[in-house]
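Presented as structure tokens, the chain that follows is alone, the form predicted alone.
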Amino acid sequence: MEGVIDAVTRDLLTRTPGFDWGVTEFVRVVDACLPPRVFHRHCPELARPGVTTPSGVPVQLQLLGADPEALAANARQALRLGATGLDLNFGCPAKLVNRHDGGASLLRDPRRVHAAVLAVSRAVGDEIPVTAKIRLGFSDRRLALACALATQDAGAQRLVVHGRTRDEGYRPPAHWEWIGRIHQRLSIPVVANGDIWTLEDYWKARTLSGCRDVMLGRGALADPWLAARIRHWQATGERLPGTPWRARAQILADFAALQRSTLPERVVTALIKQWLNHMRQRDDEAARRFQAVKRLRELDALLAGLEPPAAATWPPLSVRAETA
């Protein structure tokens, strides 16, 4: 989710109760200990007590890299800066990242996954938890279980599994049943991820994987109230109506208002289009709006094309249950 879910987006998504924790975009680790400003840029929440979003949802700092010594040095730096949890990214499928020996590229050798997790676990000791995210392999699934076991054996306290290989990218379907095979063999919590767009997808992912928890990525952008929708169903058994356009338009307008104070308007315009592009995959009105504004370059014109309401009348949810 690099370039998509920054601190502003995390703030907006967590204003409605639903999420247990959040994860930053990855801090790219190569061969040196990065200065504090890099960590604060990726995780402004480090300046807040408890490292949380403004609404109080804990945020973990994510590292991506392959060199155990460099990862350990940056883990110690993160600890000094107040990080309350570290997540290691072995799931990024981006070609550029993989060509430079990062993300899912390590899944071709479980020993390298083990070395990376072990180095970070030893660097922070028992002071903060270390977690990891993997896919079901690089080109195929033969090493999926070995890589998962490597994270556990090296000290990871939780594992998120995206239900596709790197070569499968984001092509449907996500293989939730394969996540279940991993879940059955590990003793640490396993979290299912991939293609969870709706309440029905959430239930299918949990049923097929056997996992108690799921992680939302693109699904939370496509429907910013998906986590809250899941919470409400957990607490009441009721299915809420779909998220109306006025609520979607309002969160995009709020996003623009927060971002334009620090970013150039052309960048904010591009970011809103990027978010709207996620929304249009699952919402007809969002798709229509995207087609109408996709060539606009001025932020105010773009916002006018979205027609955000003066005051949203769709009430925010306030239910908090166990898992999202």
Ligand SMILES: Cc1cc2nc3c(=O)[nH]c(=O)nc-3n(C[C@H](O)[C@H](O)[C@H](O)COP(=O)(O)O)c2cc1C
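Note that the structure is predicted; figures quoted are calculated from it, not measured. Numbering starts at 1 and runs along the sequence shown.
Only in words, not in the display: the form predicted in complex with this ligand, which the text now covers.
- Considering this ligand in the predicted complex, the lone stretch of 109-117, 228-236, 193-201, 72-80 in range is 193-201 [heavy atom distance within 4.5 Å].
- Of the residues given (175, 206, 218, 158), 218 alone sits with a heavy atom within 4.5 Å of this ligand in the predicted complex.
- Taking the partner from elsewhere, residue 89 is found to have a heavy atom lying within 4.5 Å of this ligand in the predicted complex.
- Within 4.5 Å of some heavy atom of this ligand in the predicted complex lies at least one heavy atom of residue 26.
- Taking the partner from the other structure, this ligand in the predicted complex has a heavy atom within 4.5 Å of a heavy atom of residue 62.
- Under a 4.5 angstroms non-hydrogen atom cutoff, this ligand in the predicted complex lacks residue 248 among its neighbouring residues.
- Contacts between 152-183 and this ligand, taken as any heavy atom within 4.5 Å in the predicted complex, involve 162, 164, 170.
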